[in-house]
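Presented as structure tokens, the chain that follows is alone, the form predicted on its own.
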Amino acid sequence: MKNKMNARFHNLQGGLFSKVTKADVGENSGRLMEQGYTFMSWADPFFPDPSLPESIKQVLIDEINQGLVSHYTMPIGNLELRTLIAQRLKKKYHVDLDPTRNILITPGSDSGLIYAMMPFLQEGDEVLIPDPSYPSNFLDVQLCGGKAIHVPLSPKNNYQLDISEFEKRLTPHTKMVVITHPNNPTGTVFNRQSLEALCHFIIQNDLILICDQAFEDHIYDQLEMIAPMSIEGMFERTVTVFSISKGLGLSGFRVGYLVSNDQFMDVYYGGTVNVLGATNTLAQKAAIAALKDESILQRYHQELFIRRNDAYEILSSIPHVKAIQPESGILSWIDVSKLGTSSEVAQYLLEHGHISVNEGTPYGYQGEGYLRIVHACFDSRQKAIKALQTIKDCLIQLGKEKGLAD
């Protein structure tokens, strides 16, 4: 009977009949957790330790005691939350947004990402996507009926966008570009030159941009974070996807939001209740509390900057492994190709270190030979260092077993 399903879904596998390599698919992760394995494969800051700030916890307790959170909010989202978001983005990117026309609250950025694509894509449409990139960028395009066109990024320039690679793949069927900025998995912050060239390419060829900014909150080394929607000529053709999960450490609350012009947003508003439903009422209250308490983001930024440095120091010291220092976020992307395939090395860490990391292959064709490691796991910095040191010890041992000289 499976052949009666939409062909776009035929290749999806949830681990019931065969092994899946993505850490967040199927039951495998749950089984490993029950066995006490260390998880550095979920992009969830401070996981699995308790990390809810007291200011948010008290708001949640008060809201539950009042009892009103058992009811829906409007499907487009709590107006106070949308207003706070508009103020935040005005301050950060100097864009003027009407919270009643330009912002839509979604139950997480993952659902927001595919919803952002749905109104645009039809069978035969082609979408240009940097590679490596977030796996959902590729899969969501397929599920919407489009064709994902991989645009290679190179470690030689720290994975910055190369417009010549986009131009090579432009066809009459190209409709959209999808980027994750800062990039997941490389941690690259696309610079002004890259983004302005991309935006010129998009405008010149009358394309749509979907920009996932889930990792925007933690940018290091005084680098400039530019939202493409703020570049001249781009707001009318850009849909930006945001999240409170990565920056504010509230992954479990599942709150994201879309920002776009009112012509697009009118369609999104019209379909929200049918496709997404209303985002959890209590979770939106948590998001409001988090945005009001600016000390949370400041405190996390200091901690995650230290974690970034710890991870780079340890991972870059492993023989036969190449690591780049992430410019943002909570992820480390390392080249382990001299030690084996992504699958082989990830499996070795699982078996010998009891540590789960991400294989590079779901992140695109350029991901083979790489691992993604979430270095921001655990509430304790020392626990994170211990886990990273275990990875180092395992990979040193793997190198010896492969007969590689130090």
Ligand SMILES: Cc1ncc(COP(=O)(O)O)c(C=O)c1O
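Note that residue numbering begins at 1 and tracks the sequence as displayed. Bear in mind that the values here come from a model prediction, so they are computed numbers and not experimental data.
The form predicted in complex with this ligand is left out here; the points below concern that form.
Find the only residue in L339, I56, I355, A43 having a heavy atom within 4.5 Å of this ligand in the predicted bound form. Looking at L339, I56, I355, A43 one by one, just A43 meets the 4.5 Å heavy-atom criterion.
Name the single residue among S194, N280, S245, N102 that comes within 4.5 Å of this ligand in the predicted bound form, judging by heavy atoms. For this set of options, the contacting one is S245.
Where, among 206-214, 124-132, 316-324, 80-88, do residues come within 4.5 Å of this ligand in the predicted bound form by heavy atom distance? This holds for exactly one stretch, 206-214.
So, a 4.5 angstroms cut-off on heavy atom distances: do all three of D110, N184 and R254 pass it with respect to this ligand in the predicted bound form? Yes.
Since only the chain is shown here, I'm wondering whether T180 would be in contact with this ligand in the predicted bound form (any heavy atom pair within 4.5 Å). Yes - in the predicted bound form, heavy atoms of T180 and this ligand come within 4.5 Å of each other.
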